[in-house]
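Same chain, two versions here, written out as structure tokens and called structure 1 and structure 2.
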Structure 1
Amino acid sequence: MSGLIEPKVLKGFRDFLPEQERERAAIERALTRAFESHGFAPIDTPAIEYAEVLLGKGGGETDKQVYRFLDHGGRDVALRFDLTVPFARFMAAHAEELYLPFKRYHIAKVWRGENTQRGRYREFTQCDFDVVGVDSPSADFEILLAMHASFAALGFERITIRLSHRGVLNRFLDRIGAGGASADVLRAIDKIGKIGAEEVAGILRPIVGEREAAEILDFIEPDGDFESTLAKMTRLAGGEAEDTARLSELRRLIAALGLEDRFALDPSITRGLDYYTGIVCETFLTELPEIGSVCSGGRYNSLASLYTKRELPGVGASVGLDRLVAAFAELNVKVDAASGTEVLVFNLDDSLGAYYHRVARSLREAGLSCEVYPERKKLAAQFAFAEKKGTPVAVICGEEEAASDTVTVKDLRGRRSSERLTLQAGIEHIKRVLDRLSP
């Protein structure tokens, strides 16, 4: 047949087969439970926004990655490149309808036209959580705790959450005369984990000068433990201030909960986006540091000022779902995903369709996931279908079973059958089979 369209997918975009999507859904469920346990509420925003809404404070490199176009009405629109900027617009629009402080989570797709690499795509899912309406150490710590809880919920105990404070860096840059180039400097520093100190120095020298570049590299080098690093940052930034006091209080809270081994003060953590104003943080897996940060964020007290005169200070973080999936695959970690269809009701006779569907409804009411094979076919074909789909149990009913209101249950993995069971006995038997099969 001529004229067929090749079923291809754009570079950086993907299809997900059922097993992959179940794994992603299981991760999302675990994260949702963690977010809900900390009092975060779900929201959603449009995938497409006016370009001026999204690009007002993204930063030069981000602007180049945005999918931007004119819609059919000639409006200048763009696909969201993260969930934070749309959230700032959301808060400006709905602040009067919400309670403050407001804690939200949002799990959704975003789009960036960037170069693809392992764990990074042009269409990907972010899992964001934020506290808006308050600027306090407790709110900052709540985000750090939610980050820790999210990875604990996924079975990742061996993590390090690295944090710093934009205010300390800004004071240091002002002191060495590089404050005017702070946006370019922080974006250069943000690359250090990927390209190393020498490459970053090469980027910094034309921007701030050779001596200043060397001083910046010294500043961003951690000095042993949290306390020593904080003392060094404080000295190089010109002394104590609100920003160093905030870091000191966070250290106290971390120690109070016995989480010192999960957190580290690292002045090289800057985050590349312009809108961060306070703490910034990134999360690394101890067993897979080369995959990069799998959860990052910080405080952004001025972002909503693009859309409202009302002060709406915020702090939040974002889990990169696709990097997590890549990490699970790399570490050969299996997610406790739902198995899909647990029971397949075989179709031996199209005239018994009503009976098959009544049986299926009873199974579902008992908490079992099931489906009816939609047409009469040879048993071999229906067994092959169940095997390919991974369905562990079959219910087989012919004319005699329907007449006696009974079922035959077959354990497809153990190859064992139990015949002529009442429907209730069949349900109990199916549950025992599934219990045996569960890990």
Structure 2
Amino acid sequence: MSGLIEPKVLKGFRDFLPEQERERAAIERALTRAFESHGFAPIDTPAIEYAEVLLGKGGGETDKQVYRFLDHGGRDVALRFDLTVPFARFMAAHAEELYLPFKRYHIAKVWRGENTQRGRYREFTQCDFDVVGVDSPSADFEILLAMHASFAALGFERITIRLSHRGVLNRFLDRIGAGGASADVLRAIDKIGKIGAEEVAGILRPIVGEREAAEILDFIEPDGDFESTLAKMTRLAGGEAEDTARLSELRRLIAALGLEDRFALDPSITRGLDYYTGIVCETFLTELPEIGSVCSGGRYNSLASLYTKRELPGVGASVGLDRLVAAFAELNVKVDAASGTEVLVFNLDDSLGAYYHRVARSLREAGLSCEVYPERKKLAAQFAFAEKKGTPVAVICGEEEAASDTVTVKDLRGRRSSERLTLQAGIEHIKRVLDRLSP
């Protein structure tokens, strides 16, 4: 084997074979449908940007994971590690051309040199959607609706979207005197789903004190339904304010659309990041809560303050596509992906190539996906190929069929043949066979 290069991929990176790529594409198409139907518009940004643009002037936790290098012109550049920072830069760059409020979605790959031992990938797809330039209950609600619609479009509604409001939490922390420590506190609370209340209390005690830790654990515990939990949060935060009014209005909108079963108020949702200032939300799969949130987001005060003085408040969320794919695999959920080749036209005789290709064209014109086996081979080899590729129907024509302008159709799953049909009858027959197979 000397001289050959080993065809290996980097750790944390993946090839997508047809079945996997079809599933990924089907999920993206479903999400696109959901976003488009709610008035979100697609954008794209470069994979490579100036490092300063992506990382700002400081450094931070993410920086170490960023793929950063000098380009041919000696410029300090980096690969995007999320879609939020490029979107902020995009809004600052195009503020004059765009209208506000601007609703965008962006489905694209991002790269992080993360530790792959936690089952994370270094190349993964993000899917973000935001409404920028407005701070209103209606805008918050459209994000919640789009989150719900994303799963509905995937044919998967066994989810709960848990939401809270950072304003209420902040008021509560201020009231008990833990406001100054809030970044650490947020991060600790954020872990409750993974490590449990006892561990979180253990982290909190040295930061905020024994009694305060207990009070925080009490605050983040929901109290039954949305209304009672909101009443408890309001009381512990020191009374009504704009933040509780916002949650109350969202509750009203959720009820008006009959979506109470899909949404829950959960004060333990914080999203951990300083970034958020209003509502925060996470989505859990009913049957698989332990994999964590598959779609998360919230409201922020100022999207693009690194690049512009213009105030751009917004609200948005992000679907964790790779986590979702893993969850669907575990739950055995099938996304309605394109079916691949539906019909294989067998090759019994190279001299009939023109006939085979004419038949294939007619099938395609009738909306069927179809290919001609590209050379004369034993029938067994052609059957094996169809099976391997998952093609359910064969069209088998010899001289007799070609001479009479007919086709023999074989249902490869049912193993039944219908001989010498006219092309039109053949097409109708194939469609009936495929209809029977479709779930």
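Given the structure is predicted, the values throughout are model-derived calculations rather than measurements. Each form is matched to the other, and the largest set of C-alpha atoms that superpose within 1.5 Å is called the rigid core. All residue numbers here refer to structure 1's sequence, counted from 1.
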Review point. Which of the two shown corresponds to the form predicted in complex with a further copy of the same chain?
Key: 2
Check your understanding: So with the core overlaid, does the Cα of R211 end up 2 Å or more away between structure 1 and structure 2?
Key -> no
Practice item. With both forms fitted on the core, give yes or no for whether the Cα of S404 moves by 2 angstroms or more between structure 1 and structure 2. Key: yes
Exercise for review: Take the rigid core as the frame of reference and indicate whether the C-alpha of A245 shifts by 2 Å or more between structure 1 and structure 2.
Suggested key: no
Check your understanding: With the two forms matched on the core, what distance in Å separates the two CA positions of F383 between structure 1 and structure 2?
Key -> 6.0
